[in-house]
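We begin with a single chain expressed as structure tokens, specifically the form predicted alone.
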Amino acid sequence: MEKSLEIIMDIGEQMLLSGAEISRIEESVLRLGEALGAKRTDAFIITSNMEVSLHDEKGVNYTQTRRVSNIGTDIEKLHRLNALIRKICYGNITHEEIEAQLEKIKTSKAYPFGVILLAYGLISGAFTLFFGGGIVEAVCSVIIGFVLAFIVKGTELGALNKIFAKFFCSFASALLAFVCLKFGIVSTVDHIIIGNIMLIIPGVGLTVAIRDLFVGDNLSGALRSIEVVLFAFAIAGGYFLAAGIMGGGAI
């Protein structure tokens, strides 16, 4: 049963790190406990902590608590974890096979940085055009998007606090936009800044927070909502600092 609990904790942790909703994780933990032979399974999960208890047929209780940090969003990894959970629930897999597949999921690489770089540039330019910017503004936004991709990668490698990372990304992108304005490349920075800020707005986090609240996970939903609000303040603060340094006005 201890081995089963360790497997359940590992899968639940990876789901939490990948950005899954709390209700999804708790349901998966309960299903895994039943599939792995537990008579009863109890789970208490929030955005930074997991506590799971398994009870065997003899009434022995096995409990483990795990601290979870650096939560992000990885839909592809979450999809693979869901497939593994379904396979476990069907009962046609051993503990050794589960551990091997879970380790493969853990070490799976995300998209190559070149693809991420291209996506940042194209998304920035597309949003700039969408919000009314011209071709020149879109080109500047694409270039700033490329720079922003490197900055985001650097903050991830340096394990920078997420709130400060959002602040720094907003500050850097706004500052570069004002540089384009100072050199006369563009006549306004509004659409450029909006296009680049769309890359760092925590839209997925807000969606998950609202869903947690709707399904009754009020504590997790409140924690995620607070995090989203702090991110929003950090993004706004980064812009206003850049605008103050460069003598710009509000959007």
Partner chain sequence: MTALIQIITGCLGSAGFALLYNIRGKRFVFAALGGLLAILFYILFGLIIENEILNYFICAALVSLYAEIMARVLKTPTTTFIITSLIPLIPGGSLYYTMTGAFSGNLESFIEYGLYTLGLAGALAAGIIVVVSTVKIILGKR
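Residue numbers count along the first chain shown, from 1. Computed from a predicted model, the values in this text were never measured in an experiment.
FYI, the form predicted in complex with its partner chain isn't displayed, but the following is about it.
Participant: Whether residue 76 contacts its partner chain in the model of the complex should be assessed with a 4.5 Å heavy atom distance threshold; does it?
Facilitator: Residue-level check for residue 76: yes, a contact with its partner chain.
Participant: Test of understanding: in the model of the complex, would residue 189 fall inside 4.5 Å of its partner chain by heavy atoms?
Facilitator: Contact with its partner chain, yes.
Participant: May I ask you to check whether residue 131 falls inside a 4.5 Å heavy atom distance of its partner chain in the model of the complex?
Facilitator: Looking in the model of the complex, residue contacts with its partner chain include residue 131, since a heavy atom lies within 4.5 Å.
Participant: Just to confirm, residue 86 within 4.5 Å of its partner chain in the model of the complex by heavy atoms?
Facilitator: It does: once its partner chain is placed as it appears in the model of the complex, residue 86 has a heavy atom within 4.5 Å of it.
Participant: Mind telling me which stretch in 140 to 148, 107 to 115, 93 to 101, 154 to 162 gets its heavy atoms within 4.5 Å of its partner chain in the model of the complex?
Facilitator: Heavy-atom contact with the partner occurs in 107 to 115.
Participant: Only one of 228, 17, 235, 9 comes within 4.5 Å of its partner chain in the model of the complex by heavy atoms, so just point that one out.
Facilitator: For this set of options, the contacting one is 235.
Participant: Even though the chain is shown alone, can you say which residues of 117 to 135 have a heavy atom within 4.5 Å of its partner chain in the model of the complex?
Facilitator: Stretch hits, in order: 119, 120, 122, 123, 126, 127, 129, 130, 131.
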